[in-house]
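Given as structure tokens, the chain that follows is alone and in the form predicted on its own.
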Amino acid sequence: MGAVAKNKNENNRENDSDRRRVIGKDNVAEAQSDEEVYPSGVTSHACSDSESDSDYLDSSEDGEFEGNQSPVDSGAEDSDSFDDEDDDKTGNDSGLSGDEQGNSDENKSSEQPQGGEESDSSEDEVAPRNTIGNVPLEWYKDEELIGYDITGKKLKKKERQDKLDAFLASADDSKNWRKIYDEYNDEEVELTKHEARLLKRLLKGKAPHVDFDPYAPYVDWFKWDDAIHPLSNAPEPKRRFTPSKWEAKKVAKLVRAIREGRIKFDKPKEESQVYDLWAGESSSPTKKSGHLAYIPAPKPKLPGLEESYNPPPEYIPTQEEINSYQLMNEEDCPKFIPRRYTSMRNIPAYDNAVKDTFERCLDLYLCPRVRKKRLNIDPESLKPKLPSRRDLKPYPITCYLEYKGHKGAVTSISTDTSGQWIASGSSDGTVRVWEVATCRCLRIWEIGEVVKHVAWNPLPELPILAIVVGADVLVLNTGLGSEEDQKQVEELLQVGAATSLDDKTLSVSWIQDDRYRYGAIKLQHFKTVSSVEWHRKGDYLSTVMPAGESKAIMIHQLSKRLTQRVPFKLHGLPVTSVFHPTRSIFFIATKKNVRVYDLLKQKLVKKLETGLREVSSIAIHPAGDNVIVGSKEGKLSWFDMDLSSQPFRTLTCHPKDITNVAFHRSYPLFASCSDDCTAYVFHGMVYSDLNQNPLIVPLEILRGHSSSNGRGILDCKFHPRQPWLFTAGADSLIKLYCH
């Protein structure tokens, strides 16, 4: 026994000397391993930027699974790089035997908690831990503490280190990559080398233990050494090759149940339309409710420590703070000032109870219940892309000539087909014929009554005027033209006995009027006539009597001296009538609508719904497929008859009544005049392609007339060949606007 003890003591002394050498090499290995890079998936407080760390990371990552190396070999190699490498080096250098090396490993492992690595097993060395449990740390965001320890003492927050100082400290500290921040305990924790190895293996998808082999060889537990026959040599039974009768009966039973409806397949579950009325705001958007983009009512703020009847001392303001609240604005001043009471029965009534209840009711009443989607559209993009006005020239711009001579308001004007002459009628009872180029007054007829309307015959070989005076229509010879034209006009204006289509009533009488120098015919009507329009052939003219009821519109044939009323029932009070420029179509405008009739077929073709308060005038495009209508509310409507019976475009241009509208015969221009003493000129291009809509562009506003008795411009007409516009005003002037 003494010899054995002596041998053990000698072995212990030798092991102590060997352990010193091993610990010295471990320290060197630890200093080298400290330069390892922390695994990328673990949150670290700071990371070292030294070159040795990055080099080690590259070498450790690039060296993994090189060549035909298996995962098992890589795991063994990984374990060698962390643990076994130092031990092998130490054992080889010291020259120890296997038993001595095992004893040294045991002694090393027994002394490892005391020397190389730190241990948290001692309760005296452990810092106080936070015991708040699974509680969000946001609740302590505005507090000076992060929780309480096991004895109930407050754990105060540590002072935050500056980011620049933390970075410099991490650059100097070689072990900084092992440190992580514990936010629940507000401290830094340094991982041991063993924990770092486990984390790295887990992040790589390996087993935590190094000795675990996931690809262990298969172990066959049955011994086949002396076996000659199989375990079972019985022949296959017949039932395995014949259809099962029981299964056939079961299938037939299921089919019969499906046909009878006793077995129903799963249908998609219908989502209930019921929603939780008292659910919180966070849960309500996730649930589908019956509302469109439902927005819940705002929730009142939950009471905190301030609203307690016995709040902590730090929540109770001092008298100086209470005095400072009185100097603040009402918005910045706190709505509730905490106070301390000994018991709940000492709490008085809340002063602002009614006010807070009223504000809560306002929040519920004024809260939007539907989320409206607002479109972010640039207003400039909504404007139509119109061509430049320079590209649309020529059109009338400035006043070039003025025709003076009338003493009263000029009520109507009309140009002849050649464009050399213009006729005007005035409220002073005169009709004048002017030369367009020189403003010279060539003819003057004293009618004696207010002239309401004048219209020049569209045929150049018939220089005659139709003049509306009260209930009479004068077809007057102007005396212009060649001798042959005058002979033809004199023969046309010869009337024998008075004739009419209706012999019983004789609503219109044809009478020869010799009071005028060149001859005239008077058509006497039974009611006051408001307007007269010529047919394109020059032999027919239509008159409108607004108070004529069923005979309000009459058509007269000049060559045969005959009069007939239109064979249509008039719906409403007629305002004016117009012939189609190329076809046998007749337009009748009432105060609300425009009706289009076919004179040959004697039927209604179309009804144009104007949507205006009261129609005042109408004009037909020279092509005949587009109509413009003016109203007494200052609106102008453009109708495309091939498109719809509704207005294609409605223009609100004049603040007062529109008195007349007109189209140009050859240029893509149209105009409107109003009692506001202005005339608007528009570009109106009509394309032959039916798929392309008309182009309407406002061009110019013509001013120059003055108001008289609340009236402005009473009539406007285009020159038949030039882009000129004539306007007749209540100031007894006729103006010519040129380009």
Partner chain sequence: MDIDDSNEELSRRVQVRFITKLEAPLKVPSASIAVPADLTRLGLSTIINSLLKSKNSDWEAEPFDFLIDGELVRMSLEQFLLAKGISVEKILEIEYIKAVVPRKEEEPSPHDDWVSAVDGSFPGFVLTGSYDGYGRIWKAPGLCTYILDGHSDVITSVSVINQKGEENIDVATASKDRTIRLWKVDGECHGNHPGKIRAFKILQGHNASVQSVAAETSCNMICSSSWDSSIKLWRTNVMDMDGEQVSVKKRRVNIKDEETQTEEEAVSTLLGHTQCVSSVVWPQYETIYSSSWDHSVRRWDVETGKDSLNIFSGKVLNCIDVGGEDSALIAAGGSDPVLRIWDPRKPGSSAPIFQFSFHTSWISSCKWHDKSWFHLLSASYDGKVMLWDLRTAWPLSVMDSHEDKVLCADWWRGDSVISGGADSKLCISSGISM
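Positions refer to the first chain, counted from 1. Being a predicted model, the structure only gives us computed values, none of them experimental.
Keep in mind the form predicted together with the partner chain is missing from the figure; the text below concerns it.
### Query
Hey, of 258-266, 416-424, 526-534, 148-156, which bit sits against the partner chain in the model of the complex at 4.5 Å between non-hydrogen atoms?
Of the options, only 416-424 has residues within 4.5 Å of the partner.
### Task
Please pick, from A471, L386, C439, I337, the one residue with any non-hydrogen atom lying within 4.5 angstroms of the partner chain in the model of the complex.
Of the listed residues, the single hit is C439.
### Contact residue in the model of the complex, from Y309, Y400, Y181, F212 (heavy atom within 4.5 Å of the partner chain)
Selected residue: Y400.
### Query
Does E435 reach the partner chain in the model of the complex, with heavy atoms at most 4.5 Å apart?
Heavy-atom contact with the partner chain at 4.5 Å: present for E435.
### Query
Heavy atom to heavy atom, is G481 within 4.5 Å of the partner chain in the model of the complex?
G481 belongs to the contact set for the partner chain.
### Heavy atom of F663 within 4.5 Å of the partner chain in the model of the complex
No.
### Query
Are any of the heavy atoms in Y667 no more than 4.5 Å from a heavy atom of the partner chain in the model of the complex?
Heavy-atom contact with the partner chain at 4.5 Å: present for Y667.
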